[in-house]
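This document opens with one chain alone, in structure tokens, the form predicted alone.
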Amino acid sequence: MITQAIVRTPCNAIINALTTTDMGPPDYQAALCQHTAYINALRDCGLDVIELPADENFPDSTFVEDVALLTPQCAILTRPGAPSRTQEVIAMAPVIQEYYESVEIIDAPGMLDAGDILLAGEHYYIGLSTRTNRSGADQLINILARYGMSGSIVRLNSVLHLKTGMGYLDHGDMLISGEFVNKPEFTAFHTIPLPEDEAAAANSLLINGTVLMPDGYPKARAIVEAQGYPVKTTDISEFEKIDGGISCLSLRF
């Protein structure tokens, strides 16, 4: 059972965050309001939320998920693929060390964004992307193996991160979109395709029995509810302008 989450308040510099979209920069005040609502949604799902202050040194630092992978046995500090984000790990390390005795590190030349890592059941899928390379993925697989866990690689063709286009729920149910439809690595799952115009909703989180989804995707919500899951939505539209999804904004453990 997940009991806690770590978040970081967006900084003023978020307007300069990395993006692959053409949606324009986020509105800072609106992002703050949405971030507060996101925290409240996590709390409504039963989590204690650890709130870290804004860090003006790093425009993307509100996306805390990318800098660490928190497993039941250990924490792994990643090495983000965007050069402007690599130092975010140093800022996060003391926080992680407060909660984990065993902390591992991904070393150069490895690159690893935890947005490319999806836990499905007891297995970790690792996307090879522009932010995660083979060295980073191999290092992670070796670390997982030392702690009795497993991981495997999935090659990405178009999405930024693995979790940009998919999300695991429970009981073998997997939300998928875009390039992940009919991908052979996931044929063992009960895959739930989402409409192309609501593909962003695939990045959803099952938290203590409730699926937390981004607001604004009514067809995707109806599909998930039809599978028997209670759904809670929260507006993250300002973060979507800078490639953010529901999972990106927190570290859950």
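This one's a predicted model, so the numbers in the text were calculated from it and none came from an experiment. One rule holds for the numbers: they count along the sequence shown, beginning at 1.
This protein has a second form, the form predicted in complex with citrulline, left out of what is shown; the following refers to that one.
- Remark: of stretches 143-151, 91-99, 158-166, 121-129, the one touching citrulline in the predicted bound form is 158-166 (heavy atom within 4.5 Å).
- Within 4.5 Å of any heavy atom of citrulline in the predicted bound form lies no heavy atom of Gly136.
- Asp243 belongs to the set of residues with a heavy atom inside 4.5 Å of citrulline in the predicted bound form.
- Citrulline in the predicted bound form comes within 4.5 Å of a heavy atom belonging to Arg85.
- Taking the partner from the other structure, citrulline in the predicted bound form has no heavy atom within 4.5 Å of any heavy atom of Ala13.
- Within 4.5 angstroms of citrulline in the predicted bound form, the stretch 54-74 places a non-hydrogen atom from each of Asp60, Phe63, Glu65, Asp66, taken in sequence order.
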